[in-house]
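Only one chain is shown below, in structure tokens, and it's the form predicted on its own.
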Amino acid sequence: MLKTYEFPEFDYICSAEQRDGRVRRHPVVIVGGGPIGLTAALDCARRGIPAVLLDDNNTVSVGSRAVCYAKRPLEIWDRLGCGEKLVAKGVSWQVGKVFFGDDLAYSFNLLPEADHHMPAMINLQQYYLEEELVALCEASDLVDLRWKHKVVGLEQTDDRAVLKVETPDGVFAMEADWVIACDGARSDMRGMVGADFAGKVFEDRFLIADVVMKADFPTERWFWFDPPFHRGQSVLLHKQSDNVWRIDFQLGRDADPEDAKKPENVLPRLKAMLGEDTEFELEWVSVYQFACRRMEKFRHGRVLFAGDAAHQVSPFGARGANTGVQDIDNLTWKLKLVLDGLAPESLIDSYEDERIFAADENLLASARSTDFITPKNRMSRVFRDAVLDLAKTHDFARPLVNSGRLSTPTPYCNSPLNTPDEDDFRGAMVPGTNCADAPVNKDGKDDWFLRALGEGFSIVVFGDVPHGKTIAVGEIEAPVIEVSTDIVDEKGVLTERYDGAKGAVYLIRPDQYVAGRWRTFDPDRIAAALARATGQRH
């Protein structure tokens, strides 16, 4: 009736080092071939780091799994070469609606302003995302994808990790300067370094159904509390590509997960929601519980943890994969500088400083959403239902409605890499904040500000620079981009978003975060900020 996805199978290849029985040392080995691991491989390659990726499977993820991808990860993937393609394949949206019973209680717009390259959110099945990332990895000379390679042992010295890897041809050893562990919530690597999660596991169970159907629902996020078709619980509806709809049903604490997945129990729920006459097919069904927890440390010697291997959140708010992609964006440029001998190894520790701060913010937001969606006692439910009732007619109650605060980037307000403001600025672009995009003109063509920044540090100057086009600290160079000649702000949006009065200067990190800003171009102050942002001076 309707198209369903055909899963690819990637070839297992016995590596030369296993075949020859020689131990080879690699700059970076990545464990886990999901979205976070694949993004890590691409970002390493983009920055000139050869990377080996090991995965114990040989296909993409089953089911939609991660569904919503936010603006900031899309900007990161755009830097890696696939942002526009993902947007074209996915379903873009920015409006969400929350219902209480039959009534609309609240609606929101994630991106009310114009002039952004990437949308607020896209919905796209995880298998499509992984397929695109795999294709880019296969096209890169610096990425070595190794399927059916399972890490079964780990030893470390001061300067390397030694991995024992099992394949269909046996077990062999390989070495790495650094290992990035992206092997998910059930991470074997976490156990190998003797680490665990700290946090909370929630008892409520939820049913996910990927339903293939043609429906008239708008391209919006719809969330119901106590709907007439599923009384006393909640339901979430999202549209994905190829007429696949993701529907989440809250089941409660006592539901039997195996029983709940049976078609004879799933189909009546769907028919009650969609109508008896609606034609649909089930593509994937799963039951899950979720947790809000993280590792105490993300660095364990030469092993660096990212994504669900390092932290877990509830699915409400789309903070899982989105946060993991930003982990990688934060990490790889630091690895590049350290591997090249241009920055001290202590720069890697700032990955922990910044991304543990981000993880804690996400855990707090996720826990609050979960408490609102699944009240733990009678008074909590009374409060929640009162908020939903009031939100229908009173503005003050609407910010209290929490069906999942959706993923946004975390500002690294207290990062040791920031140079604090000394001059007065207005607006949101404070040190430690990710750069806002804006339309610009470059080389006579319409373009976007983030695309003009390049892969390394950049110095953006609103006006002309009489001092030359580069500031350097040792061998680390930051080229100057003049907002007058190199790029042109024809619409004035860039100037407005950055309070870019004539002479204003921004130092931008390789991950497109603001490291410092000034009202005038002072080479000494900029060089000091560049040294600080690379871990060479605090």
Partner chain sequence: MLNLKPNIADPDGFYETLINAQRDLTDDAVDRMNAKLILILSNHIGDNDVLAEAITLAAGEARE
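Numbering follows the first chain given and starts at 1. On a predicted model such as this, the values are computed, not experimentally measured, just so you know.
The same protein also exists as the form predicted together with its partner chain; that form is not shown, yet it is the one meant from here on.
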(request) Determine which one of 380 to 388, 421 to 429, 187 to 195, 335 to 343 lies within 4.5 Å of its partner chain in the predicted bound form, judging by heavy atom distances; exactly one does. (result) 380 to 388
(request) Heavy atom within 4.5 Å of its partner chain in the predicted bound form: which of Val201, Leu267, Leu364, Leu400 fits that? Just give me the one. (result) Leu400
(request) Heavy atoms within 4.5 Å of its partner chain in the predicted bound form is the criterion; list the residues of 151 to 177 that meet it. (result) none
